[in-house]
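We've got the same protein chain twice here, in two forms, each standing alone as structure tokens: structure 1 and structure 2.
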Structure 1
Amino acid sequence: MPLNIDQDVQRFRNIVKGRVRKDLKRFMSEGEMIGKQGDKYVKIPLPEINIPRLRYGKNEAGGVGQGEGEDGEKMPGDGQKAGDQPGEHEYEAEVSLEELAEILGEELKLPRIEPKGRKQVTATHDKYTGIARIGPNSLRHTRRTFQASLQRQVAAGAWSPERPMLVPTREDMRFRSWKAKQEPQSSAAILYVMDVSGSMGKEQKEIVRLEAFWIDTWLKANYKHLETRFIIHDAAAKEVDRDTFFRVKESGGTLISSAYTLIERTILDHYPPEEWNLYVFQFSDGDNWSASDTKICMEMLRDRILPKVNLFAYGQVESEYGSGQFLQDIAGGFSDDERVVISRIADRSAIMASIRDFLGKGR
């Protein structure tokens, strides 16, 4: 019986996905897989999967029962001291970001996102719409080809029910035809906002980096066109690239209203709300310069930011230097607004729960 390689490959991929699902919380709190991220795939080390390998050809090095030697003669390497450590059998499995998003959605029971607003981006897809007399063999329509052959032979009186035989000629050939179809697709933009004041340390930034990876993974599975922007702030706010966002050194005080002002300006300049699905993820340790600035932030959030976005997510990354007051202010002012989601992130182990908080409403 010939080996069904496709079934073996699929069986192995199911094993890999099962291991990823089992250890998902650990992967979400470690950065090793993000460091091995490509455009469409990530490589995940799975130490408990052994991959059998078959080697073809002659065994020129010999083996048990082969080559010269007498009964009872010691084999090469016989008598070596046994070790007391387990062997290393680590395998790097390649998992697509789509599969990773699927696992994330299943484990966290995330609802699919329902986009709002007008469709902004179009993509071209080939759609088979009919039958043609010319085309490549790869698109030959077998059933229609034999139908045409039968019709021709019946019309010519060459068909015999006693000896049914169809031999299609070139004129009998039929092929699938297609035309390009423009399909609208939803577009989305993510604005990541992070406090980089003196109380936000390296570990807090790493937590934000890990959480952003999984947020990106899920939103990319829901939107074909996704743009991402990064805003940092202490007492002043500015837009930076991804690498700077996660590596900038902390310093200075905190004025959160500066970030909210830049959020609003970025949306107005680049992302008309009627065309884009907008997501804002703000990360901070909860400190702000003053109660008066917090009041300004609450007014801006209510009147100038929330009407434009699908979701405003505030994640408070715990720090020994942060007061945590800003989370209480948002919770008190927007407890009944479904567009606002808050999450307290005590450490890396809380990332999974935080993402469930943020994405669990399907907005």
Structure 2
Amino acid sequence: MPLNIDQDVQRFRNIVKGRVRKDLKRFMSEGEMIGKQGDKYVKIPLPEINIPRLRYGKNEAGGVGQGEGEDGEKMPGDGQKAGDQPGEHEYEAEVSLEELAEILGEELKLPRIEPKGRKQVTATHDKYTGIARIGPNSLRHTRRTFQASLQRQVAAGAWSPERPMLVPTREDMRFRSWKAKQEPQSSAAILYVMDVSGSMGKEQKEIVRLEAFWIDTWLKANYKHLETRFIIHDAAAKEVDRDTFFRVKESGGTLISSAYTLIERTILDHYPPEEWNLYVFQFSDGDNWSASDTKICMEMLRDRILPKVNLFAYGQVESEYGSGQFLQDIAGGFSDDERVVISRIADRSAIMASIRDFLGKGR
């Protein structure tokens, strides 16, 4: 009789998914799952879910009222009262990043991404597709070998149904053979760009970190091969690793054109636009140093960056000092451009809407 455990596990997975779905906005704005992220799974704390389990006692321990002592005797101890509050049970459920992306897609009604109609990257896979007469013994195809042996014996009139015996000779040997197959594969690269000038505080960076996690999760579910690069800038731009990206703090002024120059160079050096689906996500508080630099940025964006990318997403994170002018500048110059998405992120509660803004176009 088959065990029902698979059914129970599935039922439990559905409960977990339902809970994640219900609290998605909270998870998106709090980021407690991100700290427990593995390569393929995230751990999600679900305090409301208690896992029922059997607990075995000791057979020799007796039962209620079986210990030493007389009737009416006080129990030893300092007389503390029993607690009247429920204890805290926290269960951490593992959810795969694919499941998370699926929930995200369903909840935010995100369209699947359509890769650009450009040449796709091809990857080579070895596939066993045929039979050869020579090959290593490790690849010998037993059934086909005996088939060939049978055919030979029948053709030679040496086959006797009364005394069936097959002895494959060297000519009967058949081996599996493979072909290298070129398969199209959509590849994507994300360039995260963050303003780390003095006006971007810790909270603003945390918002960017949360956004980046969800964007990563969604794009990973849409592309088999995804590369991620991180660019920070104040008055100068540089490429850093993920960890540095979210931790570094500079105190310099904001020169957004420095980041745009590095974006363009990174694309030209590593990601030929005809082969890659490119996504740029830029986060800033919008306080560019000067109007003249903003003008340079707009020209670079129009002439040198947008023609190369699927999507240019600009998220303006508000700080205690409000929000800068850059968002209005981009909105003014590119409001009709399908490739440009802008989003104002007032605080953590705006992350969900911002993700919908960024990924809702299906580009």
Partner chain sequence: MSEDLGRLLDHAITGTGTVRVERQGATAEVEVVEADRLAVRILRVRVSGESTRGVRDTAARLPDACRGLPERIVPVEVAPELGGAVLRSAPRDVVDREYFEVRTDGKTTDIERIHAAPGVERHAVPFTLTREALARIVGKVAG
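Quick note, the numbers are simply positions in structure 1, starting from 1. We call the rigid core whatever largest set of C-alpha positions still superposes within 1.5 Å between the two forms. Owing to the predicted nature of the structure, the values given are computational and were not obtained by experimental measurement.
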Would you indicate whether the form predicted on its own is structure 1 or structure 2? 1
For a quick test of reading the superposition: does Trp159 move by 2 Å or more at the CA between the two structures, rigid core aligned? yes
Ser292 C-alpha shift between the two structures of 2 Å or more, rigid core reference: no
Please check if Pro136 moves between the two structures, taking a CA shift of 2 Å or more relative to the superposed core as movement. yes
Per-residue C-alpha deviation between the two structures [Gly322; rigid core superposition; Å]: 5.1
What is the magnitude, in angstrom, of the C-alpha shift at Pro168 between the two structures when the rigid core serves as the superposition reference? 20.6
